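Here's a solo chain for you in structure tokens, the form predicted on its own.
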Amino acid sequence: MLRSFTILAFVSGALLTSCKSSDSPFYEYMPDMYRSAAIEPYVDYGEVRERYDENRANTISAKVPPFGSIPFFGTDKEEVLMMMPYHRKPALGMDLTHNHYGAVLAADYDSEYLASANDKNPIKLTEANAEDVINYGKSVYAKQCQHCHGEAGDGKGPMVESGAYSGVPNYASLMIAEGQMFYSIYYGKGLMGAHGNTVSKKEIWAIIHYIKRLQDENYGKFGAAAVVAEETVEVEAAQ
């Protein structure tokens, strides 16, 4: 009898302290313990627990970080410096052509792009890290670039072959400095949109290393590997 009473008391308590959420078809036990009272992104606060507030319906709850905010990138000095805000400005008019609304624009169309030719890749290749860096760049390239630029970097990706886009350059004939490659990827150029909001600076610089490998199969090779690559090129040229 005592056991039955204990079970009944527990079930009754659970039912009294639980509630049905509008976000779920099931009952929840003490939702305040695991549902944050703080504002969360992507939640429509016009309806919360059967309460309605038309003034808050369908409004953005996620807030944009204050201008100049810098995410935490660890304590490695070189990586932190690499991930600092880009010091180049988008070209005049890019607020309309490449969605850089509210950005501080350059005074003209090409001075910042031309100046970016002086920027050097902060990821230095060594015999120990070269293949890892280039393979990392290759993996990011496959996700972010290959659909237009093609697996071989020949400008014949699936999107181009389908007829959706045209004018994508072949990397073999793309003779621009690595700093200009970064500027073009980060801010966009021509028909290519900006990628600075979807790809980190570290990823962009790694992509550039991979692009240079596509341009020159000897790029980033050291020691015996570089010698073998050079000999292979010479044999192919002779044939």
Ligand code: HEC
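Numbers for residues come from their place in the sequence shown, where the first is 1. This one's a predicted model, so the numbers in the text were calculated from it and none came from an experiment.
There is also a form predicted together with this ligand; it is not shown, and the following applies to it.
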> Even though this ligand is not shown here, does residue 190 get within 4.5 Å of it in the model of the complex, heavy atoms only?
Replying inline: yes
>> Considering non-hydrogen atoms and a 4.5 Å limit, does this ligand approach residue 172 in the model of the complex?
In response: no
>> How about residue 144 - does it come within 4.5 Å of this ligand in the model of the complex, if we only consider non-hydrogen atoms?
In response: yes
> Should residue 113 be classed as touching this ligand in the model of the complex when contacts are defined as heavy atoms within 4.5 Å?
Replying inline: yes
> So which stretch, 125-133, 83-91, 161-169, 67-75, is the one near this ligand in the model of the complex (non-hydrogen atoms, 4.5 Å)?
Replying inline: 161-169
>> For the stretch 172-191, I need every residue with any heavy atom inside 4.5 Å of this ligand in the model of the complex, listed N to C.
In response: 174, 176, 180, 181, 184, 185, 189, 190, 191
